[in-house]
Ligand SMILES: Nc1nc2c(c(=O)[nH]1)N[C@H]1C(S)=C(S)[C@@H](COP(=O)(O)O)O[C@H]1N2
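In the block that follows, a single chain appears as structure tokens, in the form predicted alone.
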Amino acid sequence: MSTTTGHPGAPTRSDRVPARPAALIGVLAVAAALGAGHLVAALLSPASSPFLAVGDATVRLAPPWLVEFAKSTFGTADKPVLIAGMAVVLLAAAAGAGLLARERTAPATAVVVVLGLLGLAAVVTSPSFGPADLVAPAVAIGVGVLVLRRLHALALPGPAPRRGGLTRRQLLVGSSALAGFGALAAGGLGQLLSARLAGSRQEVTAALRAAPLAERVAPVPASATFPESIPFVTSNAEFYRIDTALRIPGGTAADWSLRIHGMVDRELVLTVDDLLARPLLERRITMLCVSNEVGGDLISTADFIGVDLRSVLLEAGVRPGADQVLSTSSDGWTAGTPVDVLMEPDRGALLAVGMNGEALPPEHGFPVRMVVPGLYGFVSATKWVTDIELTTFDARQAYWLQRGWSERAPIKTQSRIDTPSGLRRVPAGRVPVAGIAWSQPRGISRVELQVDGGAWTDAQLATEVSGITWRMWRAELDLAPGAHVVAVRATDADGVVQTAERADVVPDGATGHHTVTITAT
């Protein structure tokens, strides 16, 4: 009996790969392509990994509302969520490609090539694209097609011709083992690169600890905090992280340089050694993300060590008419900082190389980043900075300005209740309440609390460390049994009271009073 169906000459069932192995072949082919591309990228140019390049392009091209939704919904987990989502889509596409190749490989080959070309397009359109970046996506396409066709030929049922004395089943198992070996090799290379980066950080940390500091911060006085307060200086591990990078750049200090050019009298190129040879300044600075909602936690304080950025700009010679410092990170992200702010004698902006007594952590900008007190990070805090161009806002638009955010973004006066947290139950009677307030670079002169819409009463202020850091406050409220709504507001050093008007984070930071509901029992 014949198993042929349809017109004469159509493939028989014995000429088709079974469904499950076919789907697995598609997954293995795409996985091999991604692994090969990622491995080659790690060797030549980490930014050219096709998978990560597609993720970066997704972030770069996503509408502002979607980016803000991801940040507000997932917080610092937004990048893992994006990567996981991409992996699920690729898994489905790969399995589908394998199913298309049950009889012949052409349809699946087309799918693999199209996926590869999408990765290639993402790499080519990256802001940091260079000719060497073409190698990884090209290798990924070639490996994906080769693995797909090879495994398909091995998986066809029927007589099992020998290949070097091995059956098709054995070769299929061997190919899978080879793919696993490749994944292990890529992981091993990643460990080597991580070790190289860790060694570079150790060298910079040792240099910072040995260097005499031209300016050193004093220890935080005991009177600057209360027993209920959060730590005044945030540890590196707890410091908030918000950026667009799916892959933390792995450049070492020896590889780093910063070009300062554009509307300047003389172009400068600085290395880490150049920075370490200059007067090093330690400054305690509170940093804040513009995406911080009222009462949010995207705010931290650290002791940064670096070189005064204003001095570097004076050395380069800023030409008349330049109103923007356009800084670019190693992954192509850009920020536009007002020149007049950076040139304020007391602003205290840094090219930072250290954070809390050690080299910058990789996720916070190692080897060098910008830190500008009093400005939200999206216009000032470029991590992994490699290029500074003196230009104008009319001539160049930075990453977030292109997406509808503000050109200038001074930090707004805000305050937050830290304890008790919202919806907490507390014993009725005298209830301690504490939190933080900030208004950089002016500082905080007053904090007030309101219970259930009543009169505003003063909180006790801790000693002010400086105008460019947060200030701790506390109070004791007499709360009767029941639910109570407690609100907080701050007044800056100029006497301007924090606005009660609620505003979204877009385009230049949220406003409004932070409130918590507390139930006294």
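Just so it is clear, the structure is predicted and the values come from calculations on it, not from any experiment. Residue positions are given as counts along the sequence shown, with the first one as 1.
Absent from the display: the form predicted together with the ligand. The rest refers to it.
Considering the ligand in the predicted bound form, the lone stretch of 117-125, 136-144, 323-331, 95-103 in range is 323-331 [heavy atom distance within 4.5 Å]. Using a 4.5 Å cutoff between non-hydrogen atoms, residue 438 does not count as a contact of the ligand in the predicted bound form. Taking the partner from the other structure, the ligand in the predicted bound form has no heavy atom within 4.5 Å of any heavy atom of residue 389. Among heavy atoms of residue 280, none comes within 4.5 Å of the ligand in the predicted bound form. For the chain shown alone, residue 378 is a contact residue for the ligand in the predicted bound form, at least one non-hydrogen atom being within 4.5 angstroms. Here is the short version: of 211, 156, 242, 254, the single residue with a heavy atom within 4.5 Å of the ligand in the predicted bound form is 242. Checked against the ligand in the predicted bound form, the residues 416, 152, 412, 369 give one hit for a heavy atom within 4.5 Å, which is 369. Within 4.5 angstroms of the ligand in the predicted bound form, the stretch 493-521 places no non-hydrogen atom at all.
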